[in-house]
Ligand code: GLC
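Heads up, the chain below is alone and in the form predicted alone; it's given as structure tokens.
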């Protein structure tokens, strides 16, 4: 559709901004792309996107949506199934399912990612470890030993493990991995029962609380993704909980400390080893003023990513990062993985909470954070959270459900 200046254009929030790619798209198609800024955190981004979509006339054309958003904003999004049938058929059905609401495919998976544990390959070798930790107990033992050894050499601000402990969505992801791996449930189960108040969930929060000041810095309680990344980049940690996806592993030279970093799945507890699913899908607003241009840009992004993933050859003189026990869809090269027991990929409970997810997540964040800061005992926090979730959702309480074969 023509813009005011006579040029074709489309607008896209910065969640999907790829400056070099959009410039190439503009050169190849003559369609100008306008970017709009977004806040840093997922929930703040959601609030702004909802505001823009409700305004209709201010709606962006192409929208990058978090994997937890489909049930919340599906009424504002086009069903992409008629337009992208071939692309959809070539993608993993479980990933497509994460962006499907009432039979509508409201988004195409793009830069899908999972929680992973990054580790210093040089330090593991230095301290005699032949593989990264696969359990929380192993993580603690390795972190303690490496931290002590590095501090003895003068690195007084070196820590064993850094992660995202600020009262934000990143903490929901971390804590869900802790408690599901211990058998503590998904907060709200697939059968719409609230399962958070149980001994396994409580124990998992207590374990994380012990890390503060022991193997994790006290400041981790305010760490966002950027803060944890900065500690890692300054070579002051042995392990780091972060996100990875196939696209970035194909461009691993752009990663933080690329020559010193290996990746494995998040450690497991008594029940399983799990990684939370994250990432972005691309959607087109029902109120777009330029739907054809938005579709063209969406197809360009998807095809560009697929082409990039197919080109996985490492740069001359370099090998790809060490990968260990990662799910198949994130590994840059399946033959380079050292597979043990495959981890489960889990979703946050946005699918069963819909519009209420942001309130559920905020309540969960505050409960877990209160345990980490020792404001409340884990037992009290879980009991209070259970009552709050009953009010928010209207659901009944129940025990954690077994993980399905796919882990969701």
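Numbering follows the first chain given and starts at 1. This structure is a prediction, so every number in the text was calculated from the model and none was measured.
There is another form of this protein, the form predicted in complex with the named molecule, and it is not shown here; the text below is about that form.
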Distance check, residue 279 to the named molecule in the model of the complex, heavy atom within 4.5 Å: yes
Residue 240: touches the named molecule in the model of the complex, heavy atom cutoff 4.5 angstroms: no
Contact label in the model of the complex: residue 42 to the named molecule, heavy atom within 4.5 Å: yes
Contact flag, residue 113 vs the named molecule in the model of the complex, heavy atom cut 4.5 Å: yes
Which of 192-200, 168-176, 125-133, 213-221 sits within 4.5 Å of the named molecule in the model of the complex, heavy atom basis: 168-176
Residue (of 371, 62, 31, 68) lying close to the named molecule in the model of the complex, criterion heavy atoms within 4.5 Å: 68
87, 322, 225, 304 - the one with a heavy atom within 4.5 Å of the named molecule in the model of the complex: 225
